[in-house]
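Below, in structure tokens: the form predicted on its own, a single chain.
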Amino acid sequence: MNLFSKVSRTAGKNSPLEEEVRKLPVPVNSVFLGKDGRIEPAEFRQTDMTLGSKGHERIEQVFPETSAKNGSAILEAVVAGGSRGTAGKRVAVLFSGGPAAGGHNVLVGLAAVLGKDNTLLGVRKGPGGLVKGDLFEIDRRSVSSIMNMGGFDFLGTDRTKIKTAEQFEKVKQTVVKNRLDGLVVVGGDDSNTNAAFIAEHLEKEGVRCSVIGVPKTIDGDLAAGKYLPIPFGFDTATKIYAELVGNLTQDAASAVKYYHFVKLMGRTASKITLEVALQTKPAVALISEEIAEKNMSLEAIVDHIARIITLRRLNGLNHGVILVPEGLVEFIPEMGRLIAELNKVLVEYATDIADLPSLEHKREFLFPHLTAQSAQVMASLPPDLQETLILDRDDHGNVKVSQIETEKLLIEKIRYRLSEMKRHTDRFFGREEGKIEASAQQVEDFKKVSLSVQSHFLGYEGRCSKPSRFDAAFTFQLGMAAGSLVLSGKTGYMAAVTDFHKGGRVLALPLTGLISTEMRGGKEEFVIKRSLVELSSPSFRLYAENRDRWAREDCFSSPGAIQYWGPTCRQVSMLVALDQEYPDFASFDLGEEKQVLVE
């Protein structure tokens, strides 16, 4: 075969790496292995472990059927101890929300545990496709082609939230028309909340269909402590971001002049930022939850970063990497208040504002409807950010926080602060408390150096990679768990795996035990509470104990690319290993590795 033919042959996901990655074995937990070593469904038994959340009595009122059926007890998978037995079941699966690496292995796990005697169907384009009834049968050849592959492209996905009576009725019609015995929803907190509502609706309607959730989100904010340390996708995404940030730390030290401001995905939780910081040791990593806990203003954050940049300059370092979580702006007290006020005013006066001819007219209309403090904050922001806050709204009329270029706002304000320090050195340098101690020569040298910056947003780069060995294994187990739950006739549960370091423990968490009540826009909402960075956690404490030295010196690490073979291919995230108190992070263990052949 000549080179022309070889290059042409790589089209259609047939690169040399993709072809080899498809062949990689995956661990199979012992609960899914029959006596002959073949994959079989597990059974689930009730444990004395329970899940409860805030406002549980109110939740039982909203979910009476599934609450009565499941209670708050967690189930654990055990070996079924017999042959497959179950046949003729029809199970549909859909992806919901943003992509995350490993989703395709959920389908492979489902197909493996269902076997040839049951039917697996795919729902095209997420919950929207479920409402439309857009289903197709997944054949065994297709399953083999997506083994260990990244992305959600096999099924597609969308962000439709099923919440109206009409939508629920259409879902019921889809289930009945397609004779579904099971529906598996792969998604984040909102998607699994939706799964809980679908399960409840079908139970009320007397439709026998098991609805099972599978936890997915690169943000890492869908977790349940020791029962579910992390959702799938987080491990792969943070490895990708850590590689890129590691490259930037090396570049900064090589060019000896740039500060790279890197915004990382994470709308609510700062888990991605914390994990990347632990892997790469940057000069600065802002953690939103700490900002909120300390009630730090935007000016205080600017002072903090400007001070670190100055101290590094005094030590001869005029470069570094600064990590900024995507959702930081909402955790800054005055910015959070401003956004909350804008969300209310822009919805209440949507028609009035839409009729105004220019941004300036919209600003003039808005300012009297804001508190004096929020109006002052708004006026202090750069014009392009003001425009984003006013014009870029989501379907509910709220600010699109992910569109706010927080890193560029910080750059602008830090640049001004450093300029101010050069103009008024007596206010910032000296031996008095709060001032930076420096010699006259150091101050003069400081005044000569300019701030050279580069800004980056790392987000979509981390969502659709081929999964890390951990995420490939984790998602395969989740798929087998979800399929086993359906075959066991369970509904209203989320598949979970824990104890990554000692063989894995397969659990089923009652969705109603994860749901809590929140007030959003003046209305009571039922949602799965997001898991945030806990400042008392071992992972944050380790970062807090080391960050001063990482700020003063170049201590960066460059972890490199995801490995599918080699010394780090079996590594779990540092955040999980630390917070779950594993003895090491270098080697996960989720069962006996097998070459999976879907029957």
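Bear in mind that the values here come from a model prediction, so they are computed numbers and not experimental data. Numbers follow the displayed sequence, beginning with 1.
What comes next is about the form predicted in complex with a small molecule, which does not appear here.
The partner is absent here, but in the predicted complex a heavy atom of Arg159, alone among Lys204, Lys163, Arg159, Lys294, sits within 4.5 Å of the small molecule.
Distance criterion of 4.5 Å from any heavy atom to the small molecule in the predicted complex singles out Tyr460 from the list Tyr416, Tyr460, Phe367, Phe136. Contact annotation: Asn247 falls outside 4.5 Å of the small molecule in the predicted complex, judged by heavy atom distances.
The small molecule in the predicted complex is approached by Met265, whose closest heavy atom lies within 4.5 angstroms of it. Using a 4.5 Å cutoff between non-hydrogen atoms, Thr498 does not count as a contact of the small molecule in the predicted complex. In the predicted complex, Asp219 approaches the small molecule with a heavy atom inside 4.5 Å.
This chain is displayed without the small molecule, yet in the predicted complex the stretch 211-219 from 211-219, 125-133, 301-309, 254-262 comes within 4.5 Å of it by heavy atoms.
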